[in-house]
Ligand code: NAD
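Presented as structure tokens, the chain that follows is alone, the form predicted alone.
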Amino acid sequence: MWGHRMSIKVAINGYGTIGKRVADAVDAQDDMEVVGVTKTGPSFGCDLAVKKGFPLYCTFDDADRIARFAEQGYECSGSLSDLLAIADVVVDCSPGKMGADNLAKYQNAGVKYMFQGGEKHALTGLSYTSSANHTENLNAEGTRVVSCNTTGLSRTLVPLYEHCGSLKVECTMIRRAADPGDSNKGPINAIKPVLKVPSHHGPDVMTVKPEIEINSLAVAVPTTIMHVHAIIADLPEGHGLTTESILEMWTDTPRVIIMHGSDNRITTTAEVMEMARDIGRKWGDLHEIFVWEDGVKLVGDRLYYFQAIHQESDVIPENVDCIRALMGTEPDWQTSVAKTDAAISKYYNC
């Protein structure tokens, strides 16, 4: 709770890769609570919700589908409409391309809503990352938390922009082909260029920070372990930065990790994720953006660097901050970030 007001009642529509992580992150906060999660039908994912004590709802308003939960031994508290009726805000973690149908349901229910980066900016007309535009999202009816790649780009580019006042960026996204749990995607033994040029990743940053000029290319590679960004940023004359001061800037930036790859023997994404497991992160998650210190170099006004993105988890704390923005309970993004991260850290390590 905060003050004399009750906790924010949060519904999670879709309890999969992102949904289960958002539910845990919300459950960790003292100013919000999970009032229910949805599944399309009985499955092994229901067991986790039951174990956590999250009320289980059916994604559909269909009595036959709801009855299937009981047939498989799960207590179903009702339909999505029933869940929306008791929620202040719904976090949509359903598969992509369902946004338009779900948006109408949320609006009809009079509940605030937030989508994930799999949906397009045009769906809501508003997007969100904590560092870029928390204020613009305050008390909005709905928004979209941008994708894992856009979140990662924002984390390192926004502080550069705030210092320099302008920024021109070209980046190449080396994308994992699928999440670890996906068995029906590829490529299996190929490198697949994204033939839409520029790819959507860089320009998507401009939905949260339109002042940054950015374009991107992307290729998918046969791995399920992280994305890597190869970034070239042109800084304006008189920026006053050095390689060392940029590293110091990022060290002071929330949700960014700077490590020397060669000294620490963390030269690949596999080793980055092994580090996340070693430090005790749940599911081996890494909410932070990982920047290789020895891969950062400023040459004149041109900055080169590499960063790694854990696609399953970097947007999770952003979802929590976004809830506070929509509900108008925390106007300062840095205060929200500190509160979110401290609560998650305590929750995961208790």
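This structure is a prediction, so every number in the text was calculated from the model and none was measured. Sequential numbering from 1, following the sequence displayed.
Just so it is clear, the following notes concern the form predicted together with nicotinamide-adenine-dinucleotide (NAD), a form of the same protein that is not shown.
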Q.
Checking a candidate spot here: are S94, G118 and Q311 all in contact with nicotinamide-adenine-dinucleotide (NAD) in the predicted bound form (at least one heavy atom each within 4.5 Å)?
A. yes
Q. Where does nicotinamide-adenine-dinucleotide (NAD) sit in the predicted bound form: which of 277 to 285, 29 to 37, 54 to 62, 294 to 302, heavy atoms within 4.5 Å?
A. 54 to 62
**Q.** 4.5 Å heavy atom contact, C148 and nicotinamide-adenine-dinucleotide (NAD) in the predicted bound form
**A.** yes
Q: Check whether T124 has any heavy atom within 4.5 Å of a heavy atom of nicotinamide-adenine-dinucleotide (NAD) in the predicted bound form, and answer yes or no.
A: no
Q: Verify the contact flag for N13: yes if a non-hydrogen atom of it lies within 4.5 Å of a non-hydrogen atom of nicotinamide-adenine-dinucleotide (NAD) in the predicted bound form, no if not.
A: yes
Q. Can any non-hydrogen atom of V315 be found within 4.5 angstroms of nicotinamide-adenine-dinucleotide (NAD) in the predicted bound form?
A. yes
Q: May I ask you to choose, among D179, E71, E141, D252, the residue with a heavy atom within 4.5 Å of nicotinamide-adenine-dinucleotide (NAD) in the predicted bound form?
A: D179
Q.
To verify the annotation, which of these, I174, M206, M98, C164, has a non-hydrogen atom within 4.5 Å of nicotinamide-adenine-dinucleotide (NAD) in the predicted bound form?
A. M98
